[in-house]
Ligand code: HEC
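Have a look below at one chain only, the form predicted on its own, in structure tokens format.
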């Protein structure tokens, strides 16, 4: 009796494997990136009140330390957002009249910060839009990381060069675990944690073997930890 299928159909399983195998790899590889925070969250830059806070100007050109505004980052789980009173500490017309308000750009400056002065006069908060959002099921204690030598630069990028802040890292679980598995690659001398320009050019631009500051090396920073950074689920999810 003649066969039900022609002989050439015997090649279909092999052909299917040759085509399907790479297709599965492409789908998995694509999902590995396009379905993760590295794709959906990196570059997130919400519109802020009054056009936002220019970190390039304040932290970069004026050299204001991160801790002037984020005052409790060394003692608190959270990096607090400064109150309007903190902003007004610099942006009162009297303090800036000689250098800014009375200069050529004074009118423009006053228009840009008018929303700050209005909020202060009305005793209201400024509704800043949060950029770096950690899910409710995850816990990131800022003070633990800052005191261990994790620079703001490692998680937030070169904030001092951003006119408008955006999310520079995906902050996904794999990204966090990479740091916990290889902390010597990312730790910096604790006295340089908020000196982002120094961190970028004098530490991370060098191979690990050439990093040294006042006798402190990456190996010393790892050894200074009371124990290796935890990698168990309960360390961050509790």
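Positions refer to the first chain, counted from 1. Everything numeric in this text was worked out from a predicted model, so none of it was measured.
A second form of this protein, the form predicted together with ligand HEC, is not displayed here; the remarks below concern that form.
Taking ligand HEC as it sits in the model of the complex, is residue 204 near enough to touch it, meaning that at least one heavy atom pair lies within 4.5 angstroms?
Flag for residue 204 set to no.
Wondering, does residue 218 line up within 4.5 Å of ligand HEC in the model of the complex on heavy atoms?
Judged by the heavy-atom cut-off of 4.5 Å, residue 218 is well away from ligand HEC in the model of the complex.
Answer yes if any heavy atom of residue 199 is within 4.5 Å of a heavy atom of ligand HEC in the model of the complex; otherwise answer no.
Flag for residue 199 set to no.
Can residue 42 be called a contact residue for ligand HEC in the model of the complex at 4.5 Å between heavy atoms?
No, residue 42 stays farther than 4.5 Å from ligand HEC in the model of the complex.
Let me know which residues along 119-147 have a heavy atom within 4.5 Å of ligand HEC in the model of the complex, or say none if there are none.
Counting only heavy atoms within 4.5 Å of ligand HEC in the model of the complex, the contacting residues of 119-147 are 128, 129, 130, 131, 132, 133, 134, 135, 137, 138, 139, 140, 141, 142, 144, 145, 146.
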